[in-house]
Structure formats: C-alpha cells, structure tokens
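Given as structure tokens, the chain that follows is alone and in the form predicted on its own.
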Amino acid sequence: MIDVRARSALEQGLGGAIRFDVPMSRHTALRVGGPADAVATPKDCEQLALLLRLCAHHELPHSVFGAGFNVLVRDGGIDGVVVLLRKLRRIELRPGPVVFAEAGVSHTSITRFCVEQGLAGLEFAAGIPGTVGGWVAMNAGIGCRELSDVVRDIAVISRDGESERCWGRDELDFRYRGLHGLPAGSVVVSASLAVRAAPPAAVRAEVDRLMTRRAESQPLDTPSCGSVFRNPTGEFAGRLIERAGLKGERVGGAQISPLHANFITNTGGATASDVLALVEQARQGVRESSGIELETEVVIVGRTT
C-alpha cells in the first residue's frame, strides 16, 4: 500500500497523471490482473524523471508497462507504482539513417511510419505487438531476426530519476527475448533503429506478407499476452504443447488457442489464476510427453495473495 504522505506527494507532483487502486485488467493485453496501488502515465521524460525521484524518495517500487503484452499480472495486483509510457510517442527520421522512437511508440505507428517514409529494415517486426520500449526490453523478434540486429543506441533514465544516459549497441547485452545489464529499476525511454531507404511499395508488400502470415497462424482477434513460452533449442513450444494433446484446453475463461498452442487467450471472464493453471498444465503435459521443461517467455508479476 502507498501511505498518505507518499500519495499526497504523487498527487501534488503528477496531478491527473496518477491514479490509485487501478485494476491492471485495463492495462494488459490479456485483460486480466488485480489492482495496482497506483498507475502513472507521465506526459514526457521530464515528468517521468520526477515520478522516479518521488518513488525513490518514498521508497516505492515501480514497474514499467508498455502496451501490456508479454506480461501476466496475478489476481492479487501489484505493489507500488505501475508506470505507463504510452504518452512517450515521438518518432522521427534521423541521420544514419535511423528511426528515433520513444518508448511508447506502438508497433502499428512505427510500421506505418516506415511504410510512409520508404524505410526498410524493420519489416520483420510488423505485427509483433507492443511498444518500442517493450521491444527493446524483450529483444522482440521472429525466427530470423531480432531487435538487437537493428538497435544502434537507447536512452535510459536512472532508477532515481536523477540522470539520463545513452547506451550504444556495443554496451548492450541482448539475449534471446531479453536485455541484460542495465541498472536495476532504470527505464528505457527511446531507441534508435537502423533503417535504409527503399520504395514505399516494397516496404508495404513485405509488411503485408508478414501480417497475413501472422493472421493465419496466431489468434490476433482474441485477447492474449503473445507467446507464453520460450522456444526450446531446436523445437517450438507450440508444437510441443499440441503434441501433448493440450491444444484448445480450457480453464475458466482462459484457453490454449486452437490456432496456435503457444498462445493462451481470454475468451471472456478469465482470471490470472485461470491462465496460470493452463501454464502449469502445459508445462506438465510437455514434461510428461517429451521430457522437455518449458520456460515462460511471458513475465509473471504481482502479489500472490
């Protein structure tokens, strides 16, 4: 819980940019999750830095969300302040050439920008849900390419909000679905992504091809968090789950997608507990059928009670 003094300081410093006791089901793609003590939506990097200073001063934990993909919030909710970066959405072409994009720029916005400007190099990310900040944090990608292939630098605000630093590509420790080595609690606020000039029609054609393939193989029309499990070396998590006979399995309002078994969808009224039950069923089923231990790609956060 947030005590009276901390709550007053947050309200005075952030005004309408802070709300309290907010259900995280409103801010996650899966549409599940209990209440956060507070949810803040800073309007710019300056207000974000102020928020981080206040959290540090009052010893409040903070967690950063983009569009709420690749995250599962437990039914007990989240301690401290959830920081939403959706208003940090400046995007522009800079020399290099690179696309400079703030952390809150959505995947649809950056794809549209590249098509309109005739910029190739980021087509592989078309349809990967979320925001630029989430892409960086998770090293988003598909089989052949990842964000680490195109990142040239990122800007990061320190945990206490007192400093901002640019990290070059050679300083960043990207791994499979993750970025390691940044100071704990620091916040990625922007990234520069390498592109090259290309005919807009050619960029559009490749984006359309990838989007069509995603629509045919993934449940894009039903709330989900994206891929639930990491792909084991030399295998695909979805295929393993399907072989275990769990495709289409339901618990409450949650379902292992009949279209792609590495997706769990909210068919209506699901809780985080429903989803977690299916996660464990999939793990156990794959363990028993193939001997492989699946690791979650989705980040599970929040109070257990």
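Note that the structure is predicted; figures quoted are calculated from it, not measured. For every residue, the number given is its place in the sequence shown, counted from 1.
In what follows, reference is made to the form predicted in complex with a small molecule, a form of this protein that is not presented.
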Among 204 to 212, 124 to 132, 191 to 199, 167 to 175, which stretch has residues whose heavy atoms lie within 4.5 Å of the small molecule in the predicted complex?
124 to 132
Using a 4.5 Å cut on heavy atoms, which of 140, 81, 101, 114 is close to the small molecule in the predicted complex?
140
Using a 4.5 Å heavy atom cut-off, which residue among 54, 259, 278, 64 comes into contact with the small molecule in the predicted complex?
64
Should residue 68 be counted as a contact of the small molecule in the predicted complex, where contact means heavy atoms within 4.5 Å?
yes
Could you confirm whether residue 158 comes within 4.5 Å of the small molecule in the predicted complex, counting heavy atoms only?
no
Using the partner position in the predicted complex, report whether residue 220 sits within 4.5 Å of the small molecule, counting heavy atoms only.
yes
Spell out, yes or no, whether the shortest heavy atom distance between residue 119 and the small molecule in the predicted complex is within 4.5 Å.
no
Among 186, 226 and 299, does every residue place a heavy atom within 4.5 Å of the small molecule in the predicted complex?
yes
